[in-house]
Structures are given as C-alpha cells and as structure tokens.
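In the block that follows, a single chain appears as structure tokens, in the form predicted on its own.
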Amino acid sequence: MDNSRRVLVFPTVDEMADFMVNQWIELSWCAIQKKGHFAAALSGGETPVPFYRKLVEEGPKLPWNRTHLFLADERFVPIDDPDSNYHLLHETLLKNIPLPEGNFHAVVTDSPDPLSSAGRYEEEIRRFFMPGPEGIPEFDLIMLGMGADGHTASLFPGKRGCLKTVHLACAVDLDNDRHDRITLTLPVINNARMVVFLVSGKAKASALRDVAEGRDRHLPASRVKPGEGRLLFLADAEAAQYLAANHIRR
C-alpha cells in the first residue's frame, strides 16, 4: 500500500487510542517546530473518547499553548446539549487540559439557522489560517469517524453540496429524526497534512471495508483523499473483521 495511505488494525479501542496519542505528540511537535503552532480538527462520537481521555493524562507534557483545536463538524444544537460535539469534547478533554480559551475555535450554534452558523465558522477558520479569499486552509490533522452508511464528519450520502464547493464550512439539512449539521467541506478535509479515521464496532465493518479497500467510491468517506497529505485508517478488531488479511495488524 502507498505510504501515504495505511490501514492499521488494533485488538481494542484502548490500544488504538494509545497509538493515536503517540501520533498526536509527534505531529504536534513537528508542526510547532516548523511553523509555531499545531492546528487539529476533532470529531465527536464514542470512538475517540478513550483517545481524548488519554490526551488528558499527558497533561502538561503537551504544548497546549501552541495548539489550536477546531471541530470537524457540529450539530445545530445548544452547546450544553448532550448531542453537541462541543459538549462531548468539553467534558472529556477541554475542561481537563490547560488549553488557552482563544485556542478552541467552536462552531457557534446560537445563530438563527445552520447556514448562518456555517458562515460564522468559515469566517473563524479564515481568520486563523488567513488563506486568502479563495484559498483553502491546511490543517495539520483532521480526525474523522465513519458511519455505517459511509458518512464522515457531516458529509452524508445524497448530500453533495459540501463535496464540491468553494466554501470551507457548510450547513447540512437532515430528516426530522436527526439534527441539522455544520461541517468542514471535502476540499478542506482533503487539504490536511494528515487525516485519520478512527473506526470501531462491528456496525461499521462493512463501511470500513468499502471505503478502505475502494469497493464503493461513491460513499462520502471514500472521497477523503488528501492531495499532499497522509491518510490513516485506525480500526479495532470488530470494525476490521471484513478487511483483507494484508492490512497491518498491531
């Protein structure tokens, strides 16, 4: 497999989280030495929670004063709503680390509608990265999950507006049973220096196989192909049960 694209399989989510902590440490220090700061976009969901808790354990050893955190996507709900990705990050990570207040760049959801929130988030991203009116920011790391339907961030099957666009963030309207979303767009994700999928559980096994092995190129997660960066799939044993045997087993 191309060195820019790897699939690693771990016996447990906990071991997967340990590996990701080491990746984070290496990436953050390299970015800071190169340009003075480290910028990462994080995801919600249950899978990354062990990783976030292990980051807390690293405590003062990490350069939080030079680390800037963003969200890969967010639900259009109040920040104290249990379904909010910010709420999850705050409870598992943010309140337990010495990250300066201005170093977390939230998706503001007190706007009248998701489209307004997406516009404000795009402005926040542009202020930080200053890529120019038509430029695309370069995150050092974007961490993603994957749904059983092959969605990632809030890029869902059948919702093409965020795949080919000049915008950095966009609004996603879903059905009445799901919250509307704000998400980084595919061009932003594909411009990252490194994109990592964290995938766990047998419910994701079919989707992971179809995406990681290129069996269904129409799935949103299959569209994630960093142009100059690296792509890494980290999976636990349950999620990896349908993968070919030639992938790296830890």
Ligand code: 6PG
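Take the two forms, superpose them, and find the largest set of C-alpha atoms that agree within 1.5 Å; that set is the rigid core. All residue numbers refer to positions in the sequence shown, first residue = 1. All values reported here derive from a predicted model rather than from experimental measurement.
Beyond the structure shown, there is the form predicted together with the named molecule, which is absent from this document and is the topic of what follows.
Per the 4.5 Å heavy atom criterion, the named molecule in the predicted complex is contacted by stretch 143-151, the sole one of 113-121, 143-151, 93-101, 157-165.
For a residue to qualify, one of its non-hydrogen atoms must sit within 4.5 Å of the named molecule in the predicted complex; all three of Gly44, Pro48 and Arg75 qualify.
Although the partner is absent here, Lys204 sits close enough that one of its heavy atoms falls within 4.5 Å of the named molecule in the predicted complex. For Thr109, no non-hydrogen atom is located within 4.5 Å of the named molecule in the predicted complex, even though that partner is not displayed. Contacts of stretch 181-195 with the named molecule in the predicted complex, defined by any heavy atom lying within 4.5 Å, are made by Arg181 alone. Shown in the overlay between this form and the one not shown, fitted on the rigid core, is a CA shift at Asp177 of 2 Å or greater.
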